[in-house]
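For reference, the chain that follows is the form predicted on its own, supplied as structure tokens.
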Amino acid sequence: MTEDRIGLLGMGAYLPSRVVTNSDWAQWVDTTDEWITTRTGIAERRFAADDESTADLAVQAARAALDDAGIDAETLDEIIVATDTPEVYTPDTSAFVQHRLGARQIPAYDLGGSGCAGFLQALDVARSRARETERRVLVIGVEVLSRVMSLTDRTTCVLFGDGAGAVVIGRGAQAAEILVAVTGTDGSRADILGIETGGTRRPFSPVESPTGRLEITMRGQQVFKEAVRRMSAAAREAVERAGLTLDDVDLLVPHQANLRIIDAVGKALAFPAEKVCVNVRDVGNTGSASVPIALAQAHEQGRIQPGNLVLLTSFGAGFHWGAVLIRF
């Protein structure tokens, strides 16, 4: 190990305390616990409390990552927040996070619109910043999706949960080294997943959103096909770029969209179930927070040991995708 290792210095996660079960959803929409579990693998998810906002969740995860890294917020040089459910429309959620953490007056900005792929895209940016400028970069993936989903569409509302995950990126002999980062976009598929109202093309109004909410729309079958294809291809490319094989990987941490997608990606990559990290049953789809939450939990549970190769892969609205290979 050398001081030239660029990677994760610490990680952390935060989940709100409110648990929403499938039985709860069965009281609100035309669904059942069996229907949800069979189709998604999700049993429960967390919802932010009424007095919790995106910045609240982000700050909690950030503090956990800083504690894990053994550093203070004053030593940070940059903050990137990946989210599609910002604190306010303007300014960035990162501005609120920077202030509340007590960080210096450093660059802080959001990476939004990338859906569930946002965290891996931010990780790619942070790695380049740390490499070129010697910076310590705090990267946060955070979502409060419970407030931007249809409360009547049972095919989407039961999928999502709230949460935040964070990592500190920088140089250090003990850093979990980021070996390769692969990201990509196919804008021709931008229409299959997203929040279509609220922008200049379809401004938020009673006509465009009669429920009074911004709402996620999704073409399920198309998303499934693109997700499996793109995550699998990105994962293979990341490993190949590192001069390794998939057999060298100790743990796969995919975006926790639903169990069917996770299983399909695992099968496409010929990964045995015991080498695939799955927490979707207990937290649901937490968007850009999904991968960092799963990663932090796997590390805390002892599933990641020194020397292990961990492969992250995700997809999101855009249509974006990415994969990151890390040596712990």
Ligand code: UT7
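As the structure is a computational prediction, the values presented were derived from the model and not from experiment. Position 1 is the first residue in the sequence shown; the rest follow in order.
One more form of this protein should be noted, the form predicted in complex with oxa(dethia)-CoA (UT7), which is absent from this view; the next part is about it.
### Query
Which of Gly198, Gly220, Gly184, Gly113 has a heavy atom within 4.5 Å of oxa(dethia)-CoA (UT7) in the predicted bound form?
It is Gly220.
### Message
Only one of Val253, Ala257, Val97, Ala126 gets a heavy atom within 4.5 Å of oxa(dethia)-CoA (UT7) in the predicted bound form. Which one?
### Response
It is Ala257 that has a heavy atom within 4.5 Å of the partner.
### Query
Does the 4.5 Å heavy atom contact test between Asn285 and oxa(dethia)-CoA (UT7) in the predicted bound form come out positive?
Asn285 belongs to the contact set for oxa(dethia)-CoA (UT7).
### Task
Spell out, yes or no, whether the shortest heavy atom distance between Phe224 and oxa(dethia)-CoA (UT7) in the predicted bound form is within 4.5 Å.
Yes.
### Query
Does Thr155 reach oxa(dethia)-CoA (UT7) in the predicted bound form, with heavy atoms at most 4.5 Å apart?
So Thr155 counts as contacting oxa(dethia)-CoA (UT7).
### Query
Asp67 near oxa(dethia)-CoA (UT7) in the predicted bound form, any heavy atom under 4.5 Å?
Asp67: no contact with oxa(dethia)-CoA (UT7) in the predicted bound form.
### Message
Looking at 55-63, 258-266, 293-301, 275-283, which stretch has residues with any non-hydrogen atom within 4.5 Å of oxa(dethia)-CoA (UT7) in the predicted bound form?
### Response
Residues of 258-266 come within 4.5 Å of the partner.
### Query
Using a 4.5 Å heavy atom cut-off, are Glu44, Phe47 and Leu151 all in contact with oxa(dethia)-CoA (UT7) in the predicted bound form?
Checking in the predicted bound form: none of Glu44, Phe47 and Leu151 is within 4.5 Å of oxa(dethia)-CoA (UT7).
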